[in-house]
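Just the one chain here, the form predicted alone, laid out as structure tokens.
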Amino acid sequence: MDASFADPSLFAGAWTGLSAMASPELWLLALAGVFLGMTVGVLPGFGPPAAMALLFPLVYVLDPLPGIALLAGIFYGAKYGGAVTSILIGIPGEADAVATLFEGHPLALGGKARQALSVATMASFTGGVSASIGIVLLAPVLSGAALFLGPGGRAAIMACALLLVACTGPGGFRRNLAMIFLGLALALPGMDPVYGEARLTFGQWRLSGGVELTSLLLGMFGLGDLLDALMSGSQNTTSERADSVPALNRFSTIMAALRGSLIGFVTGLVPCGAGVTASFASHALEKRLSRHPERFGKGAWEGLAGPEASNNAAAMASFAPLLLLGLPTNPIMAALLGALTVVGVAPGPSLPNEQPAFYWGLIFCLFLGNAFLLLLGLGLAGFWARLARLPFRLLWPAVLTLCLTGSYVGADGMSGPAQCVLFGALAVFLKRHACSPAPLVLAFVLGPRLETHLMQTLLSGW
């Protein structure tokens, strides 16, 4: 552990950071960041990167701490926002919210939309606060240890995550393994992540940018379910499925959230697709530990709380390597690293000593942001839940519009809706053949990172 964290001046620095929290401007900007993050999380295709890009110029005119707190609030607010559409209409706002969809959407169909949103909110709060406490107590040690994993260790973590999903997914090991290979194959077109050369672009197909993640998610989960419902005529209302939802066990749900928080915190320290890896791993673990694994996929409360806590904990934990090592573990953290450079903050082990007001002020802002997340999430749960009661004939045009619009924005062109429709048709085919899309999505997200780390390992001669 760095000597600065054992020094008595630690408490003086923490008091300095707490004093910085007296600024009303800081509170307002933290609240605005969380609210904006929740909003963009609900809108597939827009996402936190776009919102942060639009507001990035504010860091030039704001004080360092309020400006970074605003951008940070967008990041972890979006983690919860993605759960809203996952639960209500089965459309994940981003990849981290896919595991939330597996149990959250069946609960909404069973008439438990408000309770599901409340559980997701409490789980997000638990994960965020637990990870924030972990940053204070353990991050200086763990973030340093993460450096010793190297590319080989990171590749091993991702391979284990894929194997875990293959073993525990609902489609069976062989089908899940086939979905993993399909996901890895879909990640190949576009630019080589190591050498930067175009590959498998198929000329006139214009896949120079590769398969777009937003289009894949909206097609596989949003448009695919919509097409399947329209083709089969299975337009169930919430009251028709109410009896199939298991009762909420508060103790087991709390324990699932705590386990998810631990998984999310540890994976958040390592650049290996932390949020999506943690949420899938948490869902698989809860299914393995459950006395009633047959409930998973039908609205298991533990399967909702664990992943939702884990992806928010991973988001919070990623601040530790950023602040203490200058190591961004995901693209959002890379953007925040750029913002830190603009405001004159130099990340590193000495940051708590050299700029205690900023470091500890930002740590306290993480706690404050999670409190705002809890208040906004619980306060808006009833409003969002009323949307789930809309009849299918009114809901499906909105879902279709959201899918096509989100894919257009995500791909910045008509290739997005085209891919969305193709993946929607693929989702219907896979569903009719009892194949789960979850392993495919996880493999697609982790594919470029896995390839990069494997190549780095081979090139290093290890």
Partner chain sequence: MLRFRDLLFRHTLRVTLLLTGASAFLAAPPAFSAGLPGSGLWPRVVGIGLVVSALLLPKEKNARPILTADARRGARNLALSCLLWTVLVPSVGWTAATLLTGTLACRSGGCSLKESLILSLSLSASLWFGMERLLHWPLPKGALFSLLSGV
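Take the two forms, superpose them, and find the largest set of C-alpha atoms that agree within 1.5 Å; that set is the rigid core. Just so you know, these numbers come straight off a predicted model, no measurement behind them. Numbering follows the first chain given and starts at 1.
Another form, the form predicted in complex with its partner chain, is not on view; read the next lines as being about it.
Novice: Give me the residue from L368, I254, L182, M158 that has a heavy atom within 4.5 Å of its partner chain in the model of the complex.
Specialist: Only one listed residue qualifies here, and that residue is L182.
Novice: With its partner chain left out of view, which of C167, V342, L188, A346 would have a heavy atom within 4.5 Å of it in the model of the complex?
Specialist: Flagged contact: L188.
Novice: Decide whether A284 counts as a contact residue for its partner chain in the model of the complex under a heavy atom distance cut-off of 4.5 Å.
Specialist: Because no heavy atom of A284 falls inside 4.5 Å of its partner chain in the model of the complex, the answer is no.
Novice: With a 4.5 Å heavy atom cut-off, would you call L400 a contact of its partner chain in the model of the complex?
Specialist: The answer is yes: L400 has a heavy atom within 4.5 Å of its partner chain.
Novice: Can you tell me whether S436 touches its partner chain? I mean in the model of the complex, with a 4.5 angstroms heavy atom cut-off.
Specialist: Although its partner chain is absent here, S436 would stay clear of it in the model of the complex, with no heavy atoms inside 4.5 Å.
Novice: Although its partner chain is absent from this view, report whether F35 comes within 4.5 Å of it in the model of the complex, heavy atoms only.
Specialist: Close contact is absent here: in the model of the complex, F35 is far from its partner chain, nothing within 4.5 Å, heavy atoms only.
Novice: Heavy atoms, 4.5 Å, its partner chain in the model of the complex: which of 334 to 342, 223 to 231, 262 to 270, 314 to 322 makes the cut? Say which one.
Specialist: Residues of 223 to 231 come within 4.5 Å of the partner.
Novice: For a quick check, can you give me the residues of 434 to 457 that have a heavy atom within 4.5 Å of its partner chain in the model of the complex?
Specialist: Stretch hits, in order: C435, G447, L450, E451, L454, M455.
Novice: Quick one: once the rigid core is lined up, does M255 have its C-alpha move by 2 Å or more between the shown form and the other one?
Specialist: It does not, since the M255 C-alpha is displaced less than 2 Å between the shown form and the other one after the core fit.
Novice: Taking 2 Å as the cut-off, check whether the CA of G67 shifts that much or more between the shown form and the other one after a rigid core fit.
Specialist: No; G67 is a residue whose C-alpha shifts by less than 2 Å between the shown form and the other one when the cores are overlaid.
Novice: M122: after superposing the rigid core, is there a C-alpha shift of 2 Å or more between the shown form and the other one?
Specialist: False for M122: its C-alpha shift is below 2 Å.
Novice: Distance change of 3 Å or more between the C-alpha atoms of L402 and G73 in the model of the complex: closer or farther compared with this structure?
Specialist: Residues converge in the model of the complex, at least 3 Å closer.
Novice: Closer or farther: how do the Cα atoms of A159 and L289 compare in the model of the complex relative to this form, given a change of at least 3 Å?
Specialist: Relative to this form, farther apart in the model of the complex.
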